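Given next, in C-alpha cells, is a single chain: the form predicted alone.
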Amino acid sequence: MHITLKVWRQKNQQDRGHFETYQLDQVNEDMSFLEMFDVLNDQLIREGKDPVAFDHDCREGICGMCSMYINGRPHGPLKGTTTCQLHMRHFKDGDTIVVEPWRAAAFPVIKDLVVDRSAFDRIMQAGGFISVNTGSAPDANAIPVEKDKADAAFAAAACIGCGACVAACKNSSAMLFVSAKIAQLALLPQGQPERKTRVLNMIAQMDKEGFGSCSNIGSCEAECPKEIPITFIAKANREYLQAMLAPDLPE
C-alpha cells in the first residue's frame, strides 16, 4: 500500500504548529496504525529528521494513551476501537490520512501528537477514590452487591480515560469521563462514605480545569472506544443535585 500522511507537527505549547506531508510506500495492511507510525519514524530518523512524537504504551486498547485524531475522528473511523487497535487494512491504497492531536484547551499540546492529559489525573485526585481501612483483603463475598448495580459499575469502570470524549465534543466537555468515574463508585457500597463530597469535588475540579459544558449531543458516546453510554451523565447530574441539596454536607 502507498499512503500519504498529513501529520500535525508542533514543537511545544507555544509553537503555532503546522501540517507536514509524508509519503509511505509498502505499508502492510496487517500493520496496526501505530506500527505504521513506527515505520514512518524509522524513515524520518534515517533521513536525519525529527521523528513524530505520539503517545503509546500497552498497544492493546487498555491504557488509552494512543490518542490520535484521524481523518476528523478520535481514534479513527471504527466504532469502539482505540488507535492501537486500528489496522491499515481499513484504509485503501493511495489514501491520504490526516492525523492531529486532541484539540482542547484543557489538553495543551506537549509535542506533535502528544497532549497533556494530567487534568484527568487531578479530577481523579479530587474524588475518584474510596477510603478504606488498611489490613488483609476482605472476603470477596463479604459485601453483597446487586447484580444489576455490579454490571452497571463494571460498565462505568470500562472507561480508560483516553480523552476521546473531550476531543469529540464541540464544547470540549469531560462530562462522560467524569460521570463514569462518579457512577462507578456511587453504584457500589464501598463508594458510599464519600458519595456526596465526591461528585461535588470532581465536578468542581472539572470546571477548574477549563473543560466546557455538556450539551447532550452525544458525540462523546459515539466516539468513545469503550462505548460508555451517556446515561452515566444523567446519573452524575442526579448525584450532583442530591449532593447540593444534602443538609449534612461539611462547609
Partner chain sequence: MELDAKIPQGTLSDKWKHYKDTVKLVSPANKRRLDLIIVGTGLAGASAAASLAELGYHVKVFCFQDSPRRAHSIAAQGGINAAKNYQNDGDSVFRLFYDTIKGGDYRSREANVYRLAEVSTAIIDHCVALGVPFAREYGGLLANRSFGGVQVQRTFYAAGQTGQQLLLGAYSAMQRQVALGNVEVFARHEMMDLVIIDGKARGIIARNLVTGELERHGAHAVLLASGGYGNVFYLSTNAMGSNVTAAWKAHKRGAYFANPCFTQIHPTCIPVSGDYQSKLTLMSESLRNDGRVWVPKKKDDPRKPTEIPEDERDYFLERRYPAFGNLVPRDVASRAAKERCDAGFGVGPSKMAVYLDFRSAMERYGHAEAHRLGIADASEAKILELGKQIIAEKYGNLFEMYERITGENPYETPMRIYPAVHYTMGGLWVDYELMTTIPGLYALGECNFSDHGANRLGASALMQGLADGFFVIPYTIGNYLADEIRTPKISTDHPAFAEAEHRVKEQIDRLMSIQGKETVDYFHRHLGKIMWDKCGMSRNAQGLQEAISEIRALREEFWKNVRIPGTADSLNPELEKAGRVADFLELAELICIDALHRNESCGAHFREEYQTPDGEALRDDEHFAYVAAWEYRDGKEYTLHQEPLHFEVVHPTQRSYK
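Positions refer to the first chain, counted from 1. A quick note: this is a predicted structure, and the numbers were derived from the prediction, not measured.
What follows is about the form predicted in complex with the partner chain, which we do not show.
Visitor: Quick check: do 75, 96 and 205 each get a heavy atom within 4.5 Å of the partner chain in the predicted bound form?
Guide: No, none of the three is in contact.
Visitor: Ok, 200, 217, 222, 53: which has a heavy atom sitting within 4.5 Å of the partner chain in the predicted bound form?
Guide: Looking at the other structure, the residue within range turns out to be 53.
Visitor: Taking the partner chain as it sits in the predicted bound form, is residue 147 near enough to touch it, meaning that at least one heavy atom pair lies within 4.5 angstroms?
Guide: Yes.
Visitor: Give a yes/no on whether residue 92 approaches the partner chain to within 4.5 Å in the predicted bound form, heavy atoms considered.
Guide: No, residue 92 stays farther than 4.5 Å from the partner chain in the predicted bound form.
Visitor: Under a 4.5 Å heavy atom criterion, is residue 190 part of the interface with the partner chain in the predicted bound form?
Guide: Within the cut-off, so yes.
Visitor: Decide whether residue 65 counts as a contact residue for the partner chain in the predicted bound form under a heavy atom distance cut-off of 4.5 Å.
Guide: So residue 65 counts as contacting the partner chain.
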